[in-house]
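Only one chain is given next, in structure tokens, and it is the form predicted on its own.
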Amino acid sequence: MSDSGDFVFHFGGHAPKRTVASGKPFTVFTEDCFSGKLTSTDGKPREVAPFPKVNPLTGPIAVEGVKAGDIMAVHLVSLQPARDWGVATISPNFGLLSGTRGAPNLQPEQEERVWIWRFEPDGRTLATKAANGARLAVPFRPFHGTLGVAPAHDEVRLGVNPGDFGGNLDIPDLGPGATLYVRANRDGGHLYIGDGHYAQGDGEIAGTAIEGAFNTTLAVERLAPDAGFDWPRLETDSHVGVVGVARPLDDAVRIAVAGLVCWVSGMTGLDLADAHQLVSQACTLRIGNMVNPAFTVLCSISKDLLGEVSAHGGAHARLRGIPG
């Protein structure tokens, strides 16, 4: 457990706690969304981490040479679990299948419940016990649910929020070897990271993943401004994609798909209609979450379908060469 005073709970409004060089790896510790305070199945999530003291963030981290308007390529080199267990919950009036303040109903509230998931000896599986004694097991799929920069116009946003600044995206693709592109809204960029997940299905439907602490190594490269850049972009070894953030869900999908069509057009030289056609026939839509103040969607396409193109001047490939 760490002192929550080491962390912050919103994007923006802070002086940098650390400055790093562009393109050079560095390591940070990130807490789970309950600040490491929910440690047993009889724990009380809303008592140990009362709103808005959830999703503690490490940062902000300034990057040398970054100016407002630059693009930042944030590459996750490695994510090492800091504990041998993670925690997941169901809480009243939270989650896709519960009535909420923004989408109320008159059904009975779900009962609060906590699961402690522990790593199996293979280090690739997490397991817990069901109420009837059965063993539940899922693969270890590490990623950061929250990664972003200080919002534009000196706005301050709670750590549970996603947006065009990144934030609480909950996209499972944002794991080891992935690169997130975001636009800096102020000099230095002011990067925040947290909300480590040991596993999560698409949508984060119960309201939490298997939440866990990480020691994460990452590197951030400064890229030139790009007039066509709008919403966060994600690149892996195999795919490129755009993240859309909105409510209702169909607006988040439109943002992500339109952003990818325009990006593909710019990378390949295809006119907009041809890029629209290619994305329409070959894209994948992944729901990050449907439980936060805004929903998140990643629209991605295989790089094999785009020919000999290089996104953002080959930043991902350069950063991918950093040893894990």
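Bear in mind that the values here come from a model prediction, so they are computed numbers and not experimental data. One-based numbering along the sequence shown.
Heads up, the form predicted in complex with another copy of the chain isn't pictured, but that's what we're talking about next.
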query	finding
Partner-proximal stretch of 22 to 30, 36 to 44, 275 to 283, 64 to 72 relative to another copy of the chain in the predicted complex, 4.5 angstroms, heavy atom	275 to 283
77, 223, 82, 96 - the one with a heavy atom within 4.5 Å of another copy of the chain in the predicted complex	96
Residue among 120, 187, 237, 250 with a heavy atom within 4.5 Å of another copy of the chain in the predicted complex	250
Residue 215 within 4.5 Å of another copy of the chain in the predicted complex, heavy atoms	no
4.5 angstroms heavy atom contact with another copy of the chain in the predicted complex for residue 227	no
Heavy atom of residue 209 within 4.5 Å of another copy of the chain in the predicted complex	yes
Contact test in the predicted complex: residue 127 vs another copy of the chain, heavy atoms, 4.5 Å	no
Another copy of the chain in the predicted complex: contacted by all of 90, 155 and 255, heavy atom 4.5 Å	yes
Residues within 4.5 Å of another copy of the chain in the predicted complex, restricted to 100 to 115 and counted by heavy atom	101, 102, 103, 104, 105, 106, 107, 108, 109, 110, 113, 115
